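Have a look below at one chain only, the form predicted on its own, in structure tokens format.
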Amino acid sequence: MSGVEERNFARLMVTPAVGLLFLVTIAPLLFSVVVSFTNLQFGSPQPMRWNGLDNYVNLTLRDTRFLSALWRTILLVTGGVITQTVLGFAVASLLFRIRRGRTVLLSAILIPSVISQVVAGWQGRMIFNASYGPLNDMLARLGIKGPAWLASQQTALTAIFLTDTWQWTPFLALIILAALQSLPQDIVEAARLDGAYGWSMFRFVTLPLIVPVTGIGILLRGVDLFKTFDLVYILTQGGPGNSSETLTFFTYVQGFKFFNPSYASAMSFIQLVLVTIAAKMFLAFIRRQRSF
């Protein structure tokens, strides 16, 4: 079989997979792009027509509910990534120093990360229940009156943040532990001979070496937090009011409750652009750190 025949045969073999990918992924994506530039709304007597950038202009300049959801999502992503990274590093550092029983401890710590977000959400509903939840019970024993976590505009988003932190901190701890275990010992020993200990060892040796691996974990968690939906749906339904509504939940409301797919599609592509830009900036930062 000649080289041209081999290439043609290879193309023939991958054609069904490419066709299936186009049907289930690319075609719906292209359809959503087209819909985002129309006024399509299910149940409306008006025929579908092209309205250009109206949906995007309304979202970015006039829709205060969208802008509020964007701000809450940014807060959730920023707070979640920072908190989970710090706690994950603390847990990983402790596990790194443990020689016996590390596997058992790691298996127990990872339990929250291997359960589904639906299960985590229902556990959160029980923990943060104002009447019989264990959290408010412990606070009451300390003489502190616990708030109505899921029914208060001041604490609803905090409950989502705490639930997500409880579930996914072990994931980052596992990644950071793997990075610590892969540190080149010759570099570490050379730094110690040069007098690097404590903060100087962490700042100039450990941190630059674990940044590439840890950065990937941070990126995955940031993207996952940006599209948080399950916990919002189960814990608060975006309430009370809209106080815990994230971008993905607001997109769901527009598309599946208000039957407004054109507006929901425009929101989806704005989120896609924001995530892509943020991910590229973060990866560029990681590459600069590796070059130092």
Partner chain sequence: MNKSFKNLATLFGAGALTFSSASGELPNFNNVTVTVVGDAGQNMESLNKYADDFTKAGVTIKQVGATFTGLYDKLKTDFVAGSGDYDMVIFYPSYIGDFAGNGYLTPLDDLMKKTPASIWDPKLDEVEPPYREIYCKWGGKVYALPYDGDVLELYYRKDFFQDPAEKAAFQQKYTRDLVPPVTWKEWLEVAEFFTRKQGDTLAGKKLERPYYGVAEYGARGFSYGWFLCRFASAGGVYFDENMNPKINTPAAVEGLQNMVDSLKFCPPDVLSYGYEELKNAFLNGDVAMVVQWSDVGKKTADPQLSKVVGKVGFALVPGTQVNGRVQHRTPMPVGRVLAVPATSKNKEAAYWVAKYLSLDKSPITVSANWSGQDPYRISHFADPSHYKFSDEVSRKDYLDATEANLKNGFPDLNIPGAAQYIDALDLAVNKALSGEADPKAALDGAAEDWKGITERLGKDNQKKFWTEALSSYRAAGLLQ
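Keep in mind that what you see is a predicted model, and the values were worked out from it rather than measured. Numbering follows the first chain given and starts at 1.
Here the subject shifts to the form predicted in complex with its partner chain, a form of this protein not shown in this document.
- Mapping the unseen interface onto this chain, Phe42 counts among the residues with a heavy atom inside 4.5 Å of its partner chain in the model of the complex.
- Though the partner is left out of this view, Arg62 does not reach within 4.5 Å of its partner chain in the model of the complex, counting heavy atoms only.
- Shown alone here, Thr251 lies farther than 4.5 Å from its partner chain in the model of the complex, counting heavy atoms only.
- Residue contact with its partner chain in the model of the complex: Tyr132 places a heavy atom within 4.5 Å of it.
- Not one of Thr214, Gly217 and Arg288 places a heavy atom within 4.5 Å of its partner chain in the model of the complex.
- Checked against its partner chain in the model of the complex, the candidates Leu150, Val77, Ala92, Ala179 yield a single residue with a heavy atom inside 4.5 Å, and that residue is Leu150.
- Look at 78-86, 201-209, 166-174, 123-131: in the model of the complex, residues with non-hydrogen atoms within 4.5 angstroms of its partner chain sit in 123-131.
- For the partner-free chain shown, Asn242, Ser243, Tyr252, Val253, Phe256, Lys257, Phe258, Phe259, Asn260 of 242-269 come within 4.5 angstroms of its partner chain in the model of the complex, judged by any non-hydrogen atom.
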